[in-house]
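Only one chain is given next, in structure tokens, and it is the form predicted on its own.
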């Protein structure tokens, strides 16, 4: 009797703590959405997440406050995100197959060096990268944001898919090789269809990280016509004598919706992909 009571009490406390953590984590997002419906003068004086006013003018004003429809910045971000996803899916999967299934000279040192690049902060390499792209005349274009994705520069995704491929039975490769299949056919027709959870995980992470990227995009994009969503949102404070926080929160709310949608529809593959790659 006492044991059951303790278990119930522990379960109640555990769920109460989890609910508190969720509320704490979601409060900034809820407050931002509610503040997007408040006049600028009452945003920071009211910390309540409960809406009391519905100032829809923030959305109307914010949509064209930067001299162009906000849809332009959404499209720019979408172009960069789609290109980054395609690049990572193509090159990272090929590199992962090479590390997981092929045997070549200096394979282990190359894999170790690839893993070491994960620990290098972007601030260390951004200056050399900028010099290279400037000498190539590609600064203020989308190319510096896209081309590296087609060169398998995201070591984390390579490692993730290497772990996934290593979990697939090698008997599949051997059976295909007996039927005369080469590495290309084994990769495209045997392994790739089985890598759906890992591919979905790479897609979701690439979407979120690229969509939210501010530092790299700010370095390479200076033309307002090429601004992506993070840079455009920053312009609500930079480009105006009096900052329009209501309009900025309104456009921030719109920019968060794609992230919520892709996570809502892809969370099953995301959890499955991480769980089956040894990242437990």
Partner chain sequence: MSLSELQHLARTRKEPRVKQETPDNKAALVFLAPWILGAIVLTIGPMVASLGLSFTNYNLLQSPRWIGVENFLRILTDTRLHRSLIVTLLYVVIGVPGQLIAALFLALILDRGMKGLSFYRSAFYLPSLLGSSVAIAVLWRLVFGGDGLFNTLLGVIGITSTTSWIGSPDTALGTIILLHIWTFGSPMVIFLAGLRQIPTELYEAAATDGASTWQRFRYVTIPLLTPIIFFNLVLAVINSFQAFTQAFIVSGGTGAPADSTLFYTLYLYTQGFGSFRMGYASALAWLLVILIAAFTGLNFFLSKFWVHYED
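Residue numbers count along the first chain shown, from 1. The term rigid core refers to the maximal set of C-alpha atoms that superpose within 1.5 Å between the two forms. Just so it is clear, the model here is predicted, and its values are computed rather than measured.
Omitted from view is the form predicted in complex with its partner chain, to which the following refers.
Residue contact check for residue 124: one or more of its heavy atoms lie within 4.5 Å of its partner chain in the predicted complex. Taking non-hydrogen atoms only, residue 9 never approaches its partner chain to within 4.5 angstroms in the predicted complex. Proximity of residue 102 to its partner chain in the predicted complex falls within the 4.5 Å heavy atom cutoff.
Contact check for residue 119: a heavy atom falls within 4.5 Å of its partner chain in the predicted complex. Site annotation in the predicted complex: the residue of 224, 69, 47, 39 reaching within 4.5 Å of its partner chain with a heavy atom is 47.
For the partner-free chain shown, 208, 212, 214, 215, 218, 219 of 207-223 come within 4.5 angstroms of its partner chain in the predicted complex, judged by any non-hydrogen atom. Here residue 47 counts as shifted, since its C-alpha moves by at least 2 Å between this form and the one not shown after the core is aligned. Once you line up the core between this form and the one not shown, the Cα of residue 259 stays within less than 2 Å of where it was.
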